[in-house]
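Just the one chain here, the form predicted alone, laid out as structure tokens.
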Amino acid sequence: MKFFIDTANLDEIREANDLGILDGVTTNPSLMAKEGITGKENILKHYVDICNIVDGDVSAEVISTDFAGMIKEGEALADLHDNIVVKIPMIKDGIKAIKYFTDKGIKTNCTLVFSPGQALLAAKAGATYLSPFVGRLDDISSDGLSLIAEIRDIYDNYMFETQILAASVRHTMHVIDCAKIGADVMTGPLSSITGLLKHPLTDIGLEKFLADYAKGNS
């Protein structure tokens, strides 16, 4: 399972990368705005800054919702750095854009996916990654994990190469559950990754080991 971090915060990206287990980054206009990154030039520069930290795929989202606009934006984003993956919304022109970029050898991430049918279309178009939003489905009392399982079954049936990127991961158990189901990638906040480190018995055990060592060497 690949671990991506979902943020535009460079310090958080560095911290996750320093663990040695980070495979990539996803971000979006909302996360950029949260960090005070506004304006086209500043956003493009920030994508490059992220790429210079992480040796892995970095999803950069288009803002246009029409085919021509997505192609123009996507090609400009792809030219920024070899690590850039063009993030395309799950809409009719988005599917057309994904097929266009696939034929050009440009990686894509189909985002805002909430149904198996959408996942099937994205895979048929050749998307590199598919981003079903686990947390947002949970927010409306739907089962985000069931969607991941359904997509896994469909992709395995037909040997689609599109990678299932579990998005909108909110906490550590989302990570574990997505791993059990067979998601290829997870993307979430830093806390969802560092939370995997924690267990009270680890803390208690380490405290005892250190205390016993101190007694024997006092």
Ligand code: G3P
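Values in this document were obtained by computation on a predicted structure and should not be read as measured data. The first residue of the sequence shown is number 1, and the count goes up from there.
Only in words, not in the display: the form predicted in complex with this ligand, which the text now covers.
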Seminar exercise, completed: Exactly one listed stretch (50 to 58, 34 to 42, 163 to 171, 149 to 157) reaches within 4.5 angstroms of this ligand in the predicted bound form by non-hydrogen atoms, and it is 163 to 171
Exercise. Should R136 be counted as a contact of this ligand in the predicted bound form, where contact means heavy atoms within 4.5 Å?
Worked result: yes
Exercise. Should N28 be counted as a contact of this ligand in the predicted bound form, where contact means heavy atoms within 4.5 Å?
Worked result: yes
Seminar exercise, completed: Looking in the predicted bound form, the residues of 173 to 202 with a heavy atom no more than 4.5 Å from this ligand, listed in order, are T187
